[in-house]
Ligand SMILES: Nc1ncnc2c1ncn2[C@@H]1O[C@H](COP(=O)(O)OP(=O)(O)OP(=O)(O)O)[C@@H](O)[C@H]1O
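Shown below, as C-alpha cells, is a lone chain in the form predicted on its own; questions about how it binds or moves come after it.
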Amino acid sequence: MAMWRRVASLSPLIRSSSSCKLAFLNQVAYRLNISELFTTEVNESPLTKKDLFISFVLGGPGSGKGTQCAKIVETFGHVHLSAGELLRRELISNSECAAMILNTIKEGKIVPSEVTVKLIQKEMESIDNHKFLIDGFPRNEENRKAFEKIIRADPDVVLFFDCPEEEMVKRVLNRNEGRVDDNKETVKKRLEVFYASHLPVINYYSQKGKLYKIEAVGTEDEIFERVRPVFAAFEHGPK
C-alpha cells in the first residue's frame, strides 16, 4: 500500500496522456522498483492496422546514408524518418515532453530510448503510408529492444553503409557544415563511439538475416545501384 501511495502522489503527472509523459513515468516506476504496476495492456496502436514495411538505416558519420535515404524515398516512395531530427524538432516545441528532454540533456544524461521510440511511433501513426525508412536508428541495443517492445514490429530491412574510416573522415571534413567538432580528431572519436554502440545491433540483425551491407565507396549513383536491388526485391515479391 505504501508503494501505491507513492505512485498516487504522481497523479498530477498522470493526467497527461502524452507519449513522453508515459515514458517519463516508466522511468519513475523503475526508480521505485514497481515497474510491474505499469504492465497493463496498451491500447491498440493505429500502426497495427498498417501492413508495415520498416527499414533501419545505419552508417557512420560521412558514410552517405542521408544521401541514399533521399534516393530511396524518391525511387520507392518510403517515408524518411530521422530519430535525431524528431528529437531536435520536439526540443524546439513548447511541449512538456520537450522540457523533460531538455532537463535530461542538461543533467548530462542520455534521453531514454522509450522517449525516442515514442516520438517515432507518433510520427509513424500520423502518416498515411506504410513504408518507413528510419535513419540513424537504432543506435544501440537499448534502442533496438525499446523499438521491438513499443512498436511490436521487427524491421524488414537493415541497411548498413560500410565505408572505410579515412573516407568518412575526409567526407565529414569536406562537407563544411560549420560544426565546431568537424576536425579530424573529433570525427575519429565519433566513429569510435559509433562502432562501439552500433556493432552489437549490426551483428544482431546479421544473425537474423536482415542485414544488407552496402559498400559505400563510389559516386552517389554507383552506391545507389547497390541499394536499389534490396528494395526492388521486396517491391516485386511478397514480404
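The numbering used is simple: start at 1 and walk along the sequence shown. Everything numeric in this text was worked out from a predicted model, so none of it was measured. If you superpose the two forms and keep the largest set of C-alpha atoms that fall within 1.5 Å, you have the rigid core.
The same protein has a further form, the form predicted in complex with the named molecule, not shown here; the description that follows concerns it.
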query: Pose source in the predicted complex; superposed partner the named molecule; site open or blocked by backbone or C-beta within 2.4 Å; finding: open
query: Answer option from 67, 206, 183, 197, heavy atom within 4.5 Å of the named molecule in the predicted complex; finding: 67
query: Answer option from 188, 213, 175, 210, heavy atom within 4.5 Å of the named molecule in the predicted complex; finding: 175
query: Three-residue site 50, 123 and 126 fully in contact with the named molecule in the predicted complex at 4.5 Å by heavy atom; finding: no
query: Partner proximity in the predicted complex: residue 220 to the named molecule, non-hydrogen atom cutoff 4.5 Å; finding: yes
query: Distance check, residue 55 to the named molecule in the predicted complex, heavy atom within 4.5 Å; finding: no
query: Proximity of residue 167 to the named molecule in the predicted complex, heavy atoms at 4.5 Å; finding: yes
query: Per-residue C-alpha change between this form and the one not shown, residue 105, threshold 2 Å, rigid core fit; finding: yes
query: Cα displacement of residue 198 between this form and the one not shown reaching 2 Å, rigid core superposed; finding: no
